[in-house]
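Take a look at this single chain, the form predicted on its own, given in structure tokens.
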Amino acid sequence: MKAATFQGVHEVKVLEVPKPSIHSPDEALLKVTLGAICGSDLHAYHGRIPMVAGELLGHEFVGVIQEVGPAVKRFKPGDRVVVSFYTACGHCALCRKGWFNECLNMATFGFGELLGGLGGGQAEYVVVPLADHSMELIPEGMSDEQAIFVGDILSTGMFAAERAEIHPGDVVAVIGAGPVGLMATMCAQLFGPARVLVVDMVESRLEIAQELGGTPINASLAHPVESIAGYTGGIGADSSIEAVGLTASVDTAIQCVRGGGTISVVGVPSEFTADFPYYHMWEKSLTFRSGRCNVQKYMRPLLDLIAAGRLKPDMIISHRMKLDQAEEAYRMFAAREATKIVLTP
């Protein structure tokens, strides 16, 4: 089968690799019908996540089930499914508490042996372990493009918005208008804020944020903390959502909220450790939340919201390309020439 493979820093190649097959009773084999390139994939592309040449890429994908193991009860061949970017067992102590993102048996697609050794979704086929707790059925009539982001960035956007503790009439600041920030902008609207301020330096992203109901702030033209203060009578946003992962953007998310406000950080951190403003947090009575998205909690509700027309995640797709074009697609995405790229095998 064809698959996008990591060959070194800034080097992706589509190669013929062995087609996977199921080996455990809890696994499902999928024929991938649509994959996507995620901002997290760029961590591997830029060498921030160490990978071995030849490992398969991609963790956002949908597909049609070809075969299931005997222990898989929720799915059958022919079902169309969207897959979480990581697997969860559903029965460990933390899964039973509803924290699937902390599953003791977790493995992640598309990042090689370091993060679990699963295959990649930018391929023609992929095996999904722990299938009953790692996938959801796509409703009849819903397109692949509508469903694909439920397994990662749309769930992350909802996770970010929910943990930001948004109340009706609030002002919310979203720091970063990449794919996750745009999904957070969309999801924040479900909680009834008066205004969602969206900070970025890429004008094309800010234009999409505005289409999604956000108020754009171009950080290359104005200081974001000062601009947010200007929209809020000088006190700051009620809550902020950080969707980048850079130390500077986390600092902006902290500095732009009012006393008693909440900071929700979902950007993958670019550093393992950095200075933290403990006194500022204490003095302003701030709540700081962060973490990998708890995807399994949100997949079914988000699919229902999409089916009802309340969310339109496919709006952020800027480029539709073939899997054979993955090398060029990665270059474009890394250069910010595309907002979101989907790949058809």
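Fair warning: this is a prediction, and the values are worked out from it, not measured in the lab. Residue positions are given as counts along the sequence shown, with the first one as 1.
Below, we refer to the form predicted together with a small molecule, which is not included among the displayed structures.
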query	finding
Site check 30, 62 and 137: each within 4.5 Å of the small molecule in the model of the complex by heavy atom	no
Non-hydrogen atom contact residue 47 with the small molecule in the model of the complex at 4.5 angstroms	no
Contact test in the model of the complex: residue 85 vs the small molecule, heavy atoms, 4.5 Å	yes
Partner proximity in the model of the complex: residue 39 to the small molecule, non-hydrogen atom cutoff 4.5 Å	yes
Any non-hydrogen atom of residue 90 within 4.5 angstroms of the small molecule in the model of the complex	no
Listed residue (128, 148, 243, 164) with a non-hydrogen atom within 4.5 angstroms of the small molecule in the model of the complex	243
Listed residue that, although the small molecule is not shown, lies within 4.5 Å of it in the model of the complex (heavy atoms), from 274, 104, 190, 201	201
Candidate stretches 71 to 79, 165 to 173, 262 to 270, 118 to 126, one within 4.5 Å of the small molecule in the model of the complex by heavy atom	262 to 270
